[in-house]
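A single chain, nothing else alongside it, follows as structure tokens in the form predicted alone.
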């Protein structure tokens, strides 16, 4: 039984969901699976926009067949060559041997790196701004390199104002019947997963996202169709564009504090909990506390993108920074996190290294302001040093008023 869905007259969603998958790209936990979206336009010519992951191939082919009926497929547009969207290209070519594959020069290069079937005879290369008419629908192509692979492009259907956006504007999480973002309580669950998706998958490429947003300025966009997550329409279009603008400029969504700590025996944790209590007493209302050894870094990174302030607290381990904290900070650096206010707490028993390394890593990031005097605990925070924690709490709470 097919699950194809007409999202606009003669435009169909033919994707599917994988609720069994444990991790996206074998790294990021998926508590509610993931959607793989693909779209089919029926006109004088037929056009399929991207394919899906091999995990849902059977469902996917059934959806396509149910829409095409006895018609052939004229075009397959490949906006993004990542395998979770391209695993069915060869199957499509076998089933529809006259199909033309639309992409750019990098598309063909990457196809030849992944697959063995000869696509050259099927391939139609397009360039920036080029258009292809399907009849009443016209497809225009915009290059979007490094959002988040170098071959990425987006396809704009000019007559209906539909943007087929590759991985941009996507989210983790399987769809539950409702395909449109305005049909669900988006803020209560999906926004966090959209942010976690963006920050960990696309986050490094903020300047490239800004370049794409500038290309889209002035286009009448009535619908955004990503390859993951819900479809955007109506007021939800400005909602997600605003989020992407902030995330890609590394601007916090709101004021608040993320406290990320490492702790072997509870002493560093106790200092962080005491600091959080002091902050609460000073009126700080929105805080998130994470143990970096327990919580997957993708969740911590997502909240660091969300909030204005972050506290990193870690012990020294083998005369180096505790490994999970070291990994988190280096990952944040790779993702180009910037424009945050950072406070630091180190801990050591006989040789201090954690505070020094954290300071160096944070100072290596762009526009990161150190708030308050960093504290270097010796094994455990004693009452005679509580005034240092009070001073740090004062500095953080004052920084939130700026």
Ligand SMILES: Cc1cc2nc3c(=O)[nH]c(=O)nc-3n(C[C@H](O)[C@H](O)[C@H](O)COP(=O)(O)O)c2cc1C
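Numbering follows the first chain given and starts at 1. From a predicted model like this one, the values you see are computed outputs, not experimental measurements.
Unshown form predicted together with the ligand; subsequent notes refer to it.
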Handout entry: Touches the ligand in the model of the complex: residue 266 (any heavy atom, 4.5 Å)
Key = yes
Handout entry: Non-hydrogen atom contact residue 315 with the ligand in the model of the complex at 4.5 angstroms
Key = yes
Handout entry: is_contact(residue 57, the ligand) in the model of the complex, heavy atom dist at most 4.5 Å
Key = no
Practice task
Although the ligand is absent from this view, report whether residue 348 comes within 4.5 Å of it in the model of the complex, heavy atoms only.
Solution key: yes
Exercise for the section: Look at the stretches 233-241, 256-264, 162-170, 117-125 and give the one with heavy atoms within 4.5 Å of the ligand in the model of the complex. Expected result: 256-264
Exercise for the section: Just give me the single entry in 319, 274, 105, 219 that has a non-hydrogen atom within 4.5 angstroms of the ligand in the model of the complex. Expected result: 319
Completion exercise
Checked 372-389 against the ligand in the model of the complex; residues with a heavy atom within 4.5 Å, sequence order, are 379
